[in-house]
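Encoded as structure tokens, the following chain is the form predicted alone, with no partner shown.
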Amino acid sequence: MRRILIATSNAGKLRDFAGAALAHGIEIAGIPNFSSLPTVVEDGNTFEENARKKAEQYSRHVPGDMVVADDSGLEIDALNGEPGVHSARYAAPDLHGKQPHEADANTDDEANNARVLRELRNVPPEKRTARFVCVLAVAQDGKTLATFRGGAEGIILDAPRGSDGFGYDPLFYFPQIRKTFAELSAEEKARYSHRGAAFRKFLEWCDRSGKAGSSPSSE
């Protein structure tokens, strides 16, 4: 069993990645003592810029290991692509009186969802189209090796549904299977989500290239 380290403390992301990786003989783990590492400032203008920056900086703390970092978010057509790269801090104006790019920390899911619903209050259902976007970057010793992009097209509901997701999952309705992302099982999430799509591309790259991280037993 080979190992890939994921640069996140988000248990939902680790869960999303772990199931898909097992079939490829890859173990998913968090970076040791991740919470004690200096926080990477996500000030890029694109998901890829932020993902690369995080993967490169965090990989320097675990020499020799391959580190995967992602940046992902929600793009709503009626809001000109917002919240986009600011998805995790979209409620900053409500909670901190700052614009999302000025916020010092992420804002909680409930507040972010509340702002989305407020911004879309007068938007009819047929114009509430949106997509989740995820870009994964894999780095080793401070150098990006590759990036992978995934997406999922859906519709923003006028009230949350489901309790198994995180972020904007309860508002994001996926017409293909008539569920929100918060109503998906772990298997369905891996199959249909933007993060699952990007991660499958990463796993295919691992299989083709023979790159699959380090062995835990070698440490």
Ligand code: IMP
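Since the structure is predicted, the reported quantities are computational estimates derived from the model, not experimental observations. Numbers follow the displayed sequence, beginning with 1.
Missing here is the form predicted together with this ligand; even so, the following discussion is about that form.
Partner-contacting position among E42, D65, E48, E56 - heavy atom within 4.5 Å of this ligand in the predicted bound form:
Exactly one listed residue reaches within 4.5 Å, namely E42.
Identify, from the list G167, P160, G154, G150, the residue with a heavy atom within 4.5 Å of this ligand in the predicted bound form.
By the 4.5 Å heavy-atom cutoff, the listed residue in contact is G167.
95 to 103, 120 to 128, 136 to 144, 82 to 90: which one contacts this ligand in the predicted bound form at 4.5 Å, heavy atom to heavy atom?
Contact-bearing stretch, as computed: 82 to 90.
Wondering, does R52 line up within 4.5 Å of this ligand in the predicted bound form on heavy atoms?
No - in the predicted bound form, heavy atoms of R52 and this ligand never come within 4.5 Å of each other.
Using a 4.5 Å cut-off on heavy atoms, what residues in 121 to 158 are near this ligand in the predicted bound form?
The one in contact is F132.
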